[in-house]
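Given as structure tokens, the chain that follows is alone and in the form predicted on its own.
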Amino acid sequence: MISLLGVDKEYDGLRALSGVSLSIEEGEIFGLIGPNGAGKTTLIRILSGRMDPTRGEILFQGEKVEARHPGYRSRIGLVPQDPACYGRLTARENLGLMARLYGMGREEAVPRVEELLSWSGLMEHADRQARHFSRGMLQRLSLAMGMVHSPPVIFMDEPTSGLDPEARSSLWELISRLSGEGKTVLVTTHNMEEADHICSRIAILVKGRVREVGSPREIKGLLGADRLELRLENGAEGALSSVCGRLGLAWRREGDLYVVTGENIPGKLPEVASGLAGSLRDLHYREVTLEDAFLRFMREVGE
């Protein structure tokens, strides 16, 4: 549906994005994760036409486009991190204003506004001023405003930032429904658990570069499906290396923890424990998470 080819962005000699190439498929929820300053918001600004890249191209349905062109911008929706609505207008008035800005006449705008009020769960609050809304309600209104013109692609920058668990769940339900309706969604998030459960594919962005792209399962699989956390007596690294080498496992140190990853760790636990007899202070097994993978990539960049 939409692609980036070799996109760079420089500010006063500093490079915020470097050679970013991504392809986002029709109907998928594509997650962009990374630390603060990784370039996620810059990428959203470029894709939404609020900023020009220094170099690179944007393709929409296979055709090169200029992101500032009205024809392209009429095909995309944008939900910024801070809710984009007017506090002194009601929910209905905010949506109506947005419909008029997109050139809709009253005959088209009125039913569309009512449809979106119902879709977003805001119908009972339709005539309340937005300044009295909770942050979760403001985000649902902001999403509805980005959907007024029925765009096939929606960009969302940290939409659940600052929301409580209930409001976050409600917003993600709406985002999932968009995908079910055939919309293509690109969302940035710091919440690894959300990205794991909601996104069909993700890209990890670190220091302006794409570090990895794939489904959450594929990204986690780069570390192995399992994770064994050990605390050992001093001087036990040699025994750990020997045991892991024999069993085809990998290990690394994270602070005072020794982390072992690989395939079929549950079946190898007895041999690990016996091989470290006398040196093992603590042992904990769990499945690898997306956060584990993300933190590992961050360490690699810093090394």
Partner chain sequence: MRGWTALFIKDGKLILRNRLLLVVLVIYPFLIMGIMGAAFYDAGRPVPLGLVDLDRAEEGGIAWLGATTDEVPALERRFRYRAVRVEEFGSCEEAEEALSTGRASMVLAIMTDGESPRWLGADLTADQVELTLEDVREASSMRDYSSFQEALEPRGGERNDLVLALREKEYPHIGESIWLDKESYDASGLIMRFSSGVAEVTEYESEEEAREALARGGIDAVIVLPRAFVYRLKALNETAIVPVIIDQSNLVKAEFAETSIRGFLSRVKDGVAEEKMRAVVAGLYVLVTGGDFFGTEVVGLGQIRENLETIKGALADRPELAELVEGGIDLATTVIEDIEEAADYLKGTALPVELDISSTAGRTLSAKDAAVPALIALSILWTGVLCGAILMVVEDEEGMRERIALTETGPLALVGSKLLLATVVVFAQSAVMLVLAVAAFGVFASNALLALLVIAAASFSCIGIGLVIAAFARQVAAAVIMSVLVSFPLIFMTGAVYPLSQMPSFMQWLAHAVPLTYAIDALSGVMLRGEGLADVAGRVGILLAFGVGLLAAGSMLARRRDAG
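Positions refer to the first chain, counted from 1. No experiment lies behind these values; they were computed from the predicted model shown.
What comes next is about the form predicted in complex with its partner chain, which does not appear here.
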| query | finding |
| --- | --- |
| Listed residue (167, 97, 174, 232) with a non-hydrogen atom within 4.5 angstroms of its partner chain in the predicted complex | 97 |
| Selected contact from 103, 180, 111, 121, since only one has a non-hydrogen atom within 4.5 angstroms of its partner chain in the predicted complex | 103 |
| In the predicted complex, residue 116 touching its partner chain (heavy atom, 4.5 Å) | no |
| In the predicted complex, residue 83 touching its partner chain (heavy atom, 4.5 Å) | yes |
| 4.5 angstroms heavy atom contact with its partner chain in the predicted complex for residue 88 | yes |
| Touches its partner chain in the predicted complex: residue 48 (any heavy atom, 4.5 Å) | yes |
| Candidate stretches 159 to 167, 202 to 210, 145 to 153, 183 to 191, one within 4.5 Å of its partner chain in the predicted complex by heavy atom | 145 to 153 |
| Non-hydrogen atom within 4.5 angstroms of its partner chain in the predicted complex for each of 237, 265 and 279 | no |
